[in-house]
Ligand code: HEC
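Before any questions on binding or motion, here is one chain by itself as structure tokens, the form predicted alone.
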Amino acid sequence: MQHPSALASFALVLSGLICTHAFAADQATIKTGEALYNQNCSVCHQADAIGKPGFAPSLTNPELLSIASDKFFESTIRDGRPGTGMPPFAHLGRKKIKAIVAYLRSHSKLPNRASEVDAEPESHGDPRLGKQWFDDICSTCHGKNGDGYASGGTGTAIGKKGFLGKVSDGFIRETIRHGRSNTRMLGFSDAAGLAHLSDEEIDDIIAYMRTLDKQ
């Protein structure tokens, strides 16, 4: 019978080998994803997915990576965004799409809060009040109907079904509150925000946004 300490040592070695293999596999997936990104995405989203204002959004923004789920990224790549310049890439298949997402995730600098954010309660705001805030604030970048770049704005198309059908109210809420660093989307909450919107006012905006893809 082997000595317990020998068994423990073997278990540690085996665990280390498994972790090393998993890390190597992850690195290989990221490398594959980087190549796929360069072939299919970089022409619009630029090197390292930093984006270009008025043309394509940043995909490696710390706040985006922190609150967006893998499902959000994967479904967006697969389905594209109808009515925008983002075409579908379903032909790549699930494995390659996941590799691209792994590459994007490799740029993460903040904890992944996607599950927490998506679990936030739905908005029960007043869309009539939200329209006023949207027209006064959001439309200056995202367009009157949330059409984004198509309307000459510097912001993305947040009024399209391709976006609204994939994001939770928590995702929208966190984005309005805190913005996206190193982009033109600044936060609108607290004294440091562009506008000190209350939680109720933010929920009013969300309630109005939910009507845009039905107009």
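The structure presented is a predicted model; accordingly, all values stated were derived computationally and were not measured. Throughout, we count residues from 1 along the sequence that is shown.
This next part talks about the form predicted in complex with the named molecule, which is not shown.
Using a 4.5 angstroms limit between non-hydrogen atoms, V43 touches the named molecule in the predicted complex. Proximity of K131 to the named molecule in the predicted complex falls outside the 4.5 Å heavy atom cutoff. Among heavy atoms of T84, some come within 4.5 Å of the named molecule in the predicted complex. Although the partner is absent here, R184 lies within 4.5 Å of the named molecule in the predicted complex, judged by heavy atoms.
Interface residues of 148-162, taken as those with a heavy atom within 4.5 Å of the named molecule in the predicted complex (partner not displayed): Y149, T154, G155, T156, A157, I158, in sequence order.
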